[in-house]
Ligand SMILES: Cc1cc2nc3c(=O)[nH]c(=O)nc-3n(C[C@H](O)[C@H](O)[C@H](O)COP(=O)(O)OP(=O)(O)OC[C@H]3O[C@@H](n4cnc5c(N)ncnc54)[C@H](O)[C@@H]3O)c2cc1C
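First, one chain by itself in structure tokens, the form predicted alone.
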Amino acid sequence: MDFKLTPEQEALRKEFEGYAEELMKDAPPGWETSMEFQYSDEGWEFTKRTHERLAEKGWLVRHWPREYGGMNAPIVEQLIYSEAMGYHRVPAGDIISVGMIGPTLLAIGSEEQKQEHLPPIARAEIYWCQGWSEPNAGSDLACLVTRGVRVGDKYVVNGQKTWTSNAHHADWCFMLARTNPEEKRSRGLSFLLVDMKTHGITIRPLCGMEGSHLFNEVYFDDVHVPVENRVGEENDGWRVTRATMNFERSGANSFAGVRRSLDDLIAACREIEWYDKTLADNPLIRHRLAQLSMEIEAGRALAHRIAWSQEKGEFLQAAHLASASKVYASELSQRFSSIACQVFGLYS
């Protein structure tokens, strides 16, 4: 594959990077890209303000169709955008709103649902949370027990969700509820859209050991959800949940973010001295930094291959590759952190 950008794409990359640098001038001290920090009291206002500025440029969901707030941008341009924002540590879009429910509605939602929910997401006016995990249904999501009983033109929902990221800031929630109790596991589930202002919803924080507030418990007590807020058919929510999102999900921003961290680590190694030599002069450290660099480039190649497959319309293959990219990016981040801790020793 030839990863060389066309002159037009190169100009676009420079525009993205220039604006990313401008955005980050307003970042709060000690800015971090973790969701815990972005959704904290300290980081939330900057996160929202950045999303609004990107929305004003038309970039927040530039790969979406124009009628829903996007720019019909080619997938490769979305990849370039993701790399630029990822490298400069810009909160370039809410992963739950832009990366999850948006593509789901584009692929499966009714036209009414698209018109109601997608433009506000594109304008950074509303935020979503994900109501999937429960106290006894985390990784094994099919065990969930939250009920949705059909009563006329509404579902009456009762149950509890947990580890709900950003529920304390969210305007809407997409959730799974068991609408046919006679069915087991993944059968009999429906995919519902719930306004978080609906009577009967209670949110309780689940704070981290260091005091961060990202996760929440959400309780549903006789919450009425209109039937028109169901995505897909009744009892077919598992298919909706597993739907392939036919948009850029290559993980390019993750690999770009690790590249930025590696560049920062290399810069530190060139300055820090140990026994009258910089850390960068140590052959073992140089070897480990070089190994990380190669692994990042391998991930970047995988991200570009995914975008290339999507451009060709090979969405099934791209979905499998995207899953592999997610695993690889997560493990690469762990390896980077481990090696960085080894390089800095007790200081880390």
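Just so we're clear, the structure is a prediction, and the values are computed from it rather than from any experiment. Residue numbers run from 1 along the displayed sequence.
Just so it is clear, the following notes concern the form predicted together with the ligand, a form of the same protein that is not shown.
- Every residue of the trio 131, 162 and 215 has some heavy atom no more than 4.5 Å from the ligand in the model of the complex.
- Scanning 226, 138, 200, 181 against the ligand in the model of the complex with a 4.5 Å heavy atom cut-off leaves one residue, 138.
- Shown without its partner, this chain lists 96, 231, 194, 92 as candidates; in the model of the complex, only 96 has a non-hydrogen atom within 4.5 angstroms of the ligand.
- Only one segment in the set 273-281, 253-261, 107-115, 123-131 has residues whose heavy atoms sit within 4.5 Å of the ligand in the model of the complex; it is 123-131.
- The pair residue 35 and residue 117 is looser in the model of the complex: their Cα-Cα distance rises by no less than 3 Å compared with this form.
- Panel note: the distance between the CA atoms of residue 35 and residue 68 is larger in the model of the complex than in this form, the difference being 3 Å or more.
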